[in-house]
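What follows is a single chain, given as structure tokens, in the form predicted on its own.
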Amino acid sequence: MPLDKLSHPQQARAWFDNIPIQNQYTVGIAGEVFFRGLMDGKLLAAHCQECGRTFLPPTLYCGNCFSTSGEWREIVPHGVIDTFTVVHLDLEDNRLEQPELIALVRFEGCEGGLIHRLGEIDAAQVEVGMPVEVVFRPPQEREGSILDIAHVRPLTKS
């Protein structure tokens, strides 16, 4: 019987076929605000009015004091590279024609950061602490996803 207690692991039953399961992932309230901001070319972070911390990616509740985060703040889309890696294989372990650079970017005044592709730079030039800026896709190409950010590139002096 399916509800009988097993006394040996060999008694466990296994399913050796596909199980047709469908699910839908939702980004939640904080994620929706964040992705709508990206569609408008803005980086929005959640600010906790209780302890003063700001979170990116945004959260609905403060990870420090557990209060509701309170307000949304647009942050300047300039940050620094905290760490980076060079990716040589795709998800199926096939060698990429051109390796990709991926970085964790931290933004001033925010806890957390964003992981995204680096562009317009060679791997040999990337450094931890390097100032970078977010490059958004053209407005007509934005869909409300993290890919509305085309890539992150070295900060150009204006």
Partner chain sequence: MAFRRTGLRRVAVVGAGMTKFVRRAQETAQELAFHASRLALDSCGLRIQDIGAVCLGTAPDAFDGVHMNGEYLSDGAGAYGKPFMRAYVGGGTGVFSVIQGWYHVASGLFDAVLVVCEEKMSSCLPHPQAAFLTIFDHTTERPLKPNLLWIFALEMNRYMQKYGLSKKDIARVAVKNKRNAMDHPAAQLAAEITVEDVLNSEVLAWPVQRLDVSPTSDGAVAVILASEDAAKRITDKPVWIKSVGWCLDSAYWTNRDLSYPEYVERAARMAYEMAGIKEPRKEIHIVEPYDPFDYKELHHLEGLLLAPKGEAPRLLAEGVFDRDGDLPATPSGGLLGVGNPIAAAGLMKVAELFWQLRGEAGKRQVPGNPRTGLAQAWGDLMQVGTVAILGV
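Residue numbers count along the first chain shown, from 1. Here the structure is a predicted model, which means the values were calculated and not measured.
From this point on, the text means the form predicted together with its partner chain, which you will not see here.
Contact with its partner chain in the predicted bound form, defined as a heavy atom within 4.5 Å, holds for exactly one of Asn94, Gln49, Gln125, Thr26, namely Thr26. The stretch among 94-102, 58-66, 113-121, 38-46 whose residues place heavy atoms within 4.5 Å of its partner chain in the predicted bound form is 58-66. Using a 4.5 Å cutoff between non-hydrogen atoms, Glu133 does not count as a contact of its partner chain in the predicted bound form. Of the heavy atoms in Asn18, some are within 4.5 Å of its partner chain in the predicted bound form. Using a 4.5 Å cutoff between non-hydrogen atoms, Gln22 counts as a contact of its partner chain in the predicted bound form. Residues are counted as partner-facing when one of their heavy atoms sits within 4.5 Å of its partner chain in the predicted bound form; in 97-133 not one qualifies.
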